[in-house]
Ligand SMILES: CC1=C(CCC(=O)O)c2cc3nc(cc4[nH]c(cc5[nH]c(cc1n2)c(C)c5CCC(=O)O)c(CCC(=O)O)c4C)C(CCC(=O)O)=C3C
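This document starts with one chain, in the form predicted alone, laid out as structure tokens.
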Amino acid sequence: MPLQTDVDITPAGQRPDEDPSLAVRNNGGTPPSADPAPSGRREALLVLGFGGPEGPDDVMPFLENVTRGRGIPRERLLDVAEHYMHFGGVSPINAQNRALTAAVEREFADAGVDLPVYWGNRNWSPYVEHVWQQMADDGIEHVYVFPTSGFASWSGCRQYHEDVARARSVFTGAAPGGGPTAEKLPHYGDHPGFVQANAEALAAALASLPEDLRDTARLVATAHSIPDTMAAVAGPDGGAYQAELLRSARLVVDAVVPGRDVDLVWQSRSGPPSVPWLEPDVNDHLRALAAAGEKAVVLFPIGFVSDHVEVVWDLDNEARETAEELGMAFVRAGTAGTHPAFVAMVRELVEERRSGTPPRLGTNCPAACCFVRRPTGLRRGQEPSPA
């Protein structure tokens, strides 16, 4: 069942966009350090995901949990529920995060990194609040948080800081003061491991096209659309969501076919049509490409780390159908998943923080970074996450 938590994570008398920042508060009141981790501190890694239903009976409670406070009509939730029912009511995302967690555990063991690995979710079991209590009970003193979203924005970065703050505020029975301190790992869209995983997937997708289409197929990167207002405040100076995604897409393409054009488009938008979101939508872009005479397209979902429902349904079903209607050859590249380079990247990000380096964006985010003022009463998951 949905976890009912409506805690105020901002101290009395402080605005959410004022210092001390979430990063500082989650780290026990001090900024994430540039010094090596203290010797003997009991540490862990938490893989923090979005969550998803594990069976048909979970689907509607999960969607109600995600959208609570947004006033989404039940009819709309029933429509979305049908997407999950095509997969037996089971979201692929939980199995994928279990697989990633297991792969990271093996990577740590092989590299001699003595850290336990936990997995928790924002919107479904295992809830991050419960996992935080478990880590406290296990004697963990400090947690490195790996989010399953590698880019700036409220839903892609700041909300993960909020998840940690909420977890530290809710379950303190065995851990007075909020339990372990924590620091979120930095943005990783330009990390060589993420780039390699996506580049190899793009190369395989291109190779699957008929030979006479490979050199001319349009390369299209996709990411979760977000409201224009959210995009405008992403990162310390705004606009970082699009900028980071464009850089990541460029690095991936240049690793496969240097200098070739790449488009960045958006998918999976929700919310009322009256609210502007990032455009163009992937299906609209496919129509524009066909009208311009393009014969083939390769989509690579650079904004996602696994093949969950928004990738498999929105791209493999809806976008593929659009391309077929337009007479375009279509192929979709895989996501990073448990690619060895991506798994090694997680270890490298942890080792970067433990070894003593200046914290990068995503770890020591300024107080106002990605802050979106929301109406009173909205709760967890009130905007979709590109996770």
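In this text the structure is predicted, and so the values were computed from the model without any measurement. All residue numbers are counted from 1 along the displayed sequence.
The discussion below concerns the form predicted in complex with the ligand, not included here.
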*Please overlay the site onto where the ligand binds in the predicted complex and tell me whether the pocket on the shown chain stays open or is blocked (3 or more ligand atoms within 2.4 angstroms of backbone or C-beta atoms).*
blocked
*Thinking of 76, 149 and 156 as the candidate spot, does the ligand come within 4.5 Å of a heavy atom on all of them in the predicted complex?*
yes
*Tell me, yes or no, whether residue 124 is in contact with the ligand in the predicted complex, where a contact means a heavy atom of each within 4.5 Å.*
no
*asked:* At 4.5 Å between heavy atoms, is residue 319 in contact with the ligand in the predicted complex?
replied: no
*Contact of residue 227 with the ligand in the predicted complex (heavy atom, 4.5 Å)*: yes
*Examine residue 80 and determine whether its closest non-hydrogen atom to the ligand in the predicted complex is within 4.5 angstroms.*
yes
*Could you tell me which stretch in 88 to 96, 105 to 113, 203 to 211, 288 to 296 has residues with non-hydrogen atoms within 4.5 Å of the ligand in the predicted complex?*
88 to 96
*Looking at 44, 47, 341, 63, which is the one with a non-hydrogen atom within 4.5 Å of the ligand in the predicted complex?*
63
*72, 264, 131, 217 - the one with a heavy atom within 4.5 Å of the ligand in the predicted complex*: 72
*So which bits of 289 to 312 sit within 4.5 Å of the ligand in the predicted complex, heavy atoms only?*
303, 304, 308, 309, 310
